[in-house]
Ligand SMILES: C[S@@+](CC[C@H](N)C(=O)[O-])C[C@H]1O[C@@H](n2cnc3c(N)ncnc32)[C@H](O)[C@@H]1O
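Quick setup: one chain, the form predicted alone, written in structure tokens, and binding and motion questions come after.
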């Protein structure tokens, strides 16, 4: 569906951003979808990068964040997932791991959902 939408809109609905800091306004988006980026590159992007990026996504999102997949390039759940879920800085957010019906990468059939309150 993404490819069809991207072609139909000629990419105009999609805005490139470079994390961990973006140009977006506070709570500009209702839902933020992060796909095939965070957690996948945990060997190359350290925990501090993941934490700063998640904080930025929380800043620009008003209701919910979905991060998929939560495995690294080796097909193992990134150690950063639990570390972020347990980080006291995020204690006010409800974070749950949800199983999904698709798997694009080995063992990549879960997503992290974060409710913003």
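These numbers come from a predicted model, not from an experiment. Numbering follows the first chain given and starts at 1.
The form predicted in complex with the named molecule is left out here; the points below concern that form.
Visitor: Tell me, which of 59, 83, 63, 36 has a heavy atom within 4.5 angstroms of the named molecule in the model of the complex?
Guide: Of the listed residues, the single hit is 36.
Visitor: Is it the case in the model of the complex that 17, 41 and 49 each bring at least one heavy atom within 4.5 Å of the named molecule?
Guide: Yes: 17, 41 and 49 each sit within 4.5 Å of the named molecule in the model of the complex.
Visitor: Please identify, from 41-49, 74-82, 24-32, 88-96, the stretch that has a heavy atom within 4.5 Å of the named molecule in the model of the complex.
Guide: Contact criterion met by 41-49 only.
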